[in-house]
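Shown next are two forms of a single protein chain, provided one at a time as C-alpha cells under the names structure 1 and structure 2.
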Structure 1
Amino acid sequence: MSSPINDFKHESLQDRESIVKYINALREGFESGQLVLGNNGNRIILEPAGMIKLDLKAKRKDGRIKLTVKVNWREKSEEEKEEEKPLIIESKRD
C-alpha cells in the first residue's frame, strides 16, 4: 500500500509517444478533478479546482529545447469546502 506524500518529483527519459500518454493522463485528471501521481510506492493525490494558473515557457539554446509547463492552484481547506453553498435563483410566474 502506498503512503500519501506532500512532495512528488519524477525525472526520466521517454520517447514522444510516452510523453503523449502522460500528457493525456494529465488532461484526463484535470477533466475528472483528480490527479494521482506516483512512483516507487509513493503517491500524491491532487484535486485541481477553482481558478488555475497556467505558466508556459519555451527556450531554444545551442540546439537544445526546454519547455516548462507550470500549473498552480490554491487548495481549499475543509472549512472552505463546507462553507460553499450553491447559488439558487428561482423565478415564479403566475
Structure 2
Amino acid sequence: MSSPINDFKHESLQDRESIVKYINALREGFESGQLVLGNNGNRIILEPAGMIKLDLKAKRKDGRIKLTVKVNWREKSEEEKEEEKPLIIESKRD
C-alpha cells in the first residue's frame, strides 16, 4: 500500500549515457507539473509551480568535479489551491 512520505534520497553511479535518463525523468516532471519520487511504494509527490529558484554550483578540486543543482519553490496550501479554482456561475432554469 502506498503512503505519502516527506523525504526521499537516491544515490547511484551513472555514466554519461545513463544519467540522461534521470535528467529526462526530472524534466518530464517539471513539464507536466508533477514529479513522483518513490521508495517501496511510499511516494513523495512534488508539484512545481509559481516562482522556482534555481541554484547552480560547479566546483573543481584535485581533478574531482562537483556540480550541484538545487531547485526551491514554495508549495501552495490547500486553501490557496481552493482559491485558484475557477469561479463557475451556473444559471438557474425555472
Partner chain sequence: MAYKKEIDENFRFLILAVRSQLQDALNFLDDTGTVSNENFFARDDYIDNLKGVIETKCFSQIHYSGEPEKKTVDLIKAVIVITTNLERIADYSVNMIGQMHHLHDTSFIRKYDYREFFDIILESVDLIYKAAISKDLQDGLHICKSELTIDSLYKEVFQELLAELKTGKNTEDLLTTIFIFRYLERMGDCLLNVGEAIISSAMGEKFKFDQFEALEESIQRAQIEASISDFTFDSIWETRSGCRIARVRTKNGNGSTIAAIFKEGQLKKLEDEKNNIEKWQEIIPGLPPRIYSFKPRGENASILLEYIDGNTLEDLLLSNNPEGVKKSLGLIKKTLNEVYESTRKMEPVNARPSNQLLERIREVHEVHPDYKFETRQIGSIETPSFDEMLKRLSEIDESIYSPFTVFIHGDFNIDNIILDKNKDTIHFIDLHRSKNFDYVQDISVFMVSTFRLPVKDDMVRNLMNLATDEIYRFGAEFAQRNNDTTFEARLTLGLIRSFTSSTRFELKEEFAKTMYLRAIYLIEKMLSHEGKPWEEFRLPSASLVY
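Every residue number counts along structure 1's sequence, beginning with 1. Throughout, rigid core stands for the largest set of C-alpha atoms superposing within 1.5 Å between the two forms. Since this is a predicted model, take the numbers as computed values, not measurements.
As summarised for this chain, the second structure is the form predicted together with the partner chain, and the first is not. Core-superposed comparison between the two structures: CA of residue 34 displaced by less than 2 Å. With the core fitted, the CA of residue 43 sits 2.4 Å away from its counterpart between the two structures.
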